[in-house]
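First, one chain by itself in structure tokens, the form predicted on its own.
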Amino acid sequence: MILASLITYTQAIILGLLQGVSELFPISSLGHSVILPKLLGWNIHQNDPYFLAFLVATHLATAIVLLIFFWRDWVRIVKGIGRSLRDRGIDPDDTDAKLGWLLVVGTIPAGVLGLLLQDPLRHAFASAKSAAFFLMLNGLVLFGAELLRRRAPQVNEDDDARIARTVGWRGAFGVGAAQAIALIPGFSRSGATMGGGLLVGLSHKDAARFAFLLATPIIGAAAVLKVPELFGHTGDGIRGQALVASLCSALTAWFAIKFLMRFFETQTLTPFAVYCFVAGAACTIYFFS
């Protein structure tokens, strides 16, 4: 492969910084990874094997940051699942066990649909034009979630207890399945999950928290399965760039989580819906003109 087609360190830094933000903000990291190179005239295509390996590294960095940020929660959740296995049932008062199994239920459809649909959808819609169009539709999805959301009751209890009580098994399965829409560049995984959380009755803050917890095993597992490709011949010429991009992605992901957990205490998905619709429409017009 010729050197001109590989990723430069400047491009790696830009893509890494963007990945950390766009993966957690409900604005589609995959969509931005397709659109930005086209806008800047970079010789990078989403289906280039080396670029997929490069993106895997940045996704893994994001998953690690999520795990570190919520590590206390994950310790309690894993212990709760362990107690339920030991007791062969979930104690009604064991919030950590209930939340843990809700995350398992939500992870199953996302994982199965991802394995079945990831490659076909990525190949079918791997163009900046389609990504821009679907980014616009992602804005409409976020608008719809806000319009249709169930109002969360004001209950003074622990965050995880409130989430476990509100979501339910059917809701967890539906929210997990909704993540499959993010396999299409332009649609957001976190946006679909947060929107699903609002529809089952979570507050914006709880929907964001549930989305980030649910995203951790999905993003992490998908990245770990693909990481060996980075150390094979596919990764030749981009391993250094992937490392730099991963560090940049981890940095912006950390600040993105901190910002969003505070933002959703009082704010809604509407600003992100406006951004996605306007940016998607503008890019669609630009690409087709």
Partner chain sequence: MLPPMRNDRLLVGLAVLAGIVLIVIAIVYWVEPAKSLPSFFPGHQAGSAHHHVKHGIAAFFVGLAAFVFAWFRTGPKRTAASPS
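Positions refer to the first chain, counted from 1. Bear in mind the structure is a predicted one, so any value in this text is a computation, not a measurement.
Only in words, not in the display: the form predicted together with its partner chain, which the text now covers.
**Student:** Quick check on I90: any heavy atom within 4.5 Å of its partner chain in the model of the complex?
**Tutor:** Answer yes; at least one heavy atom of I90 falls within 4.5 Å of its partner chain in the model of the complex.
**Student:** Indicate whether L148 is a 4.5 Å heavy atom neighbour of its partner chain in the model of the complex.
**Tutor:** No, L148 stays farther than 4.5 Å from its partner chain in the model of the complex.
**Student:** Does its partner chain get within 4.5 angstroms of any non-hydrogen atom of V112 in the model of the complex?
**Tutor:** Contact check for V112: yes, within 4.5 Å of its partner chain in the model of the complex.
**Student:** I'd like to know whether W74 contacts its partner chain in the model of the complex, with contact meaning heavy atoms within 4.5 angstroms.
**Tutor:** Close contact is absent here: in the model of the complex, W74 is far from its partner chain, nothing within 4.5 Å, heavy atoms only.
**Student:** Of the options A161, L140, V78, L116, which one has a non-hydrogen atom that comes within 4.5 Å of its partner chain in the model of the complex?
**Tutor:** Here the answer is residue option L116.
**Student:** I need to confirm a contact call. Of L52, L225, I68, M261, which residue comes within 4.5 Å of its partner chain in the model of the complex, counting heavy atoms only?
**Tutor:** The option sitting close enough to the partner is L225.
**Student:** Only one of 178 to 186, 82 to 90, 132 to 140, 205 to 213 gets a heavy atom within 4.5 Å of its partner chain in the model of the complex; which is it?
**Tutor:** Checking each option against the 4.5 Å cut-off leaves 82 to 90.
**Student:** Taking a heavy atom within 4.5 Å as contact, would all three of Y9, I14 and W42 count as contacting its partner chain in the model of the complex?
**Tutor:** The answer is no: none of the three residues contacts the partner (heavy atom, 4.5 Å cut-off).
**Student:** Given a 4.5 Å distance limit between heavy atoms, list every residue of 98 to 113 close to its partner chain in the model of the complex, or none if there are none.
**Tutor:** Contacting residues: W101, I108, V112.
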